[in-house]
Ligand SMILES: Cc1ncc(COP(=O)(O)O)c(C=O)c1O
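What follows is a single chain, given as structure tokens, in the form predicted alone.
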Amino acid sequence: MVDKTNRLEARYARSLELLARAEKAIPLQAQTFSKSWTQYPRGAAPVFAARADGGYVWDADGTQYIDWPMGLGPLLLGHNHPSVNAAIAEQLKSGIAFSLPTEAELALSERLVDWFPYAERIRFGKNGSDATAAAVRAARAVTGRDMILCCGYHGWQDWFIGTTTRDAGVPEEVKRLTEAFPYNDAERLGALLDKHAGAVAAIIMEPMGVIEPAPGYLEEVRRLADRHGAVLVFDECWTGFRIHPQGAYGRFGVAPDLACFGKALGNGVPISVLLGKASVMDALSEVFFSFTFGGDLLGIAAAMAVLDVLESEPVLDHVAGIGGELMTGFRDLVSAHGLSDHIGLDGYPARHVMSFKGDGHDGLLLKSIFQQEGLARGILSAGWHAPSYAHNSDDVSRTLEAYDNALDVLAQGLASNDLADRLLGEMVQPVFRRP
């Protein structure tokens, strides 16, 4: 064990050195919870990245990994896609921040209006949280109501994060204005609308998380929103451009009043979009949704390039193929190792999430060892995958070979009741804790 620990300290020496420095400068030592050391087995995992290309990332110590989180989802085309890089480089020649609106933001707005049949107006942000917060504010303005019903994850602002266990700093008065409802349960949603009759401004939801909507579910949500006069908002920061070029509308045929997009639209360059019906969007002429970088030209240039690639190349077919191979192979391995009672997999080819249970630690011990063993074999995963256009079948084969070894370690540890002894680093932590 000492020898293994020494080898790990050598493998991740630079990362751990940077982490020690970051502890004196950065709360959590990262700018994003889900990218922090808490999501990987500290001491047996890289902490800092140095560069990336295609479907791969190199840590601060120079070790290459197949990158499955892909920057938490935005890199649908892969790192350093040449068309996106070229568009950014070309824009740099003309400038990136002006004192007036630009034709470029108008052109992207018009293109998105044409792209989504239900969209009549467009506004840009930098993060998905910008778009969801603007949607909530616009809905409150046009309805004259305050209550929000939500389903899924919608960003860091007070109106939503107060419904989670990361609610420190959110006033109780704000928390009371948002209530969460379970997915695929139209009856529960209907009961909440009745409970808050005449007070609900918006129903905001991820139209699909990692579970498919039940037949007729989204249609019923649409009907309930209309019946109660609430604005229906689809948060498509994940599903947008991954499940269909037109997101949930293209996949399921249900149109929201407003929709929020981010992540994949910029392929790593920060940009988000709020789009939808003029009857709600035009409120943003008076509702304050304004910040210096709302029309950032690098994001706009990247988004135009992403849309070009989506129109001209078989991006989603490729991602579906790669993701499908990965899902099928993983499920087969879990079954072969007799771990079906401990490990599950939900989602769709372009985004799928593992679940772990039965270790006495809410699955976190199993997850930590699984990640540890994958990392040792060159696989970066936080227990989920966001396949990209840059990944290939060889990446899938290498990943499944590494997972075969990792699952063998888990199976042996469960059989011999010594799982804890097999964890070389620290146990990972959940982003959201149980209350």
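In this text the structure is predicted, and so the values were computed from the model without any measurement. The first residue of the sequence shown is number 1, and the count goes up from there.
The same protein has a further form, the form predicted together with the named molecule, not shown here; the description that follows concerns it.
Visitor: Are any of the heavy atoms in G128 no more than 4.5 Å from a heavy atom of the named molecule in the predicted bound form?
Guide: G128 belongs to the contact set for the named molecule.
Visitor: Would E206 count as a contact of the named molecule in the predicted bound form, using a 4.5 angstroms cut-off between non-hydrogen atoms?
Guide: E206: contacts the named molecule in the predicted bound form.
Visitor: May I ask you to check whether G162 falls inside a 4.5 Å heavy atom distance of the named molecule in the predicted bound form?
Guide: Close contact is absent here: in the predicted bound form, G162 is far from the named molecule, nothing within 4.5 Å, heavy atoms only.
Visitor: Is there a heavy atom of C237 no more than 4.5 Å from a heavy atom of the named molecule in the predicted bound form?
Guide: Heavy-atom contact with the named molecule at 4.5 Å: present for C237.
Visitor: Only one of F293, Y153, Y118, Y217 comes within 4.5 Å of the named molecule in the predicted bound form by heavy atoms, so just point that one out.
Guide: Exactly one residue meets the criterion: Y153.
Visitor: Okay, which stretch from 90-98, 307-315, 120-128, 274-282 lines the named molecule in the predicted bound form, with non-hydrogen atoms inside 4.5 Å?
Guide: Only one stretch qualifies here: 120-128.
Visitor: Mind listing which residues of 263-283 have a heavy atom within 4.5 Å of the named molecule in the predicted bound form?
Guide: Contacting residue: only K263.
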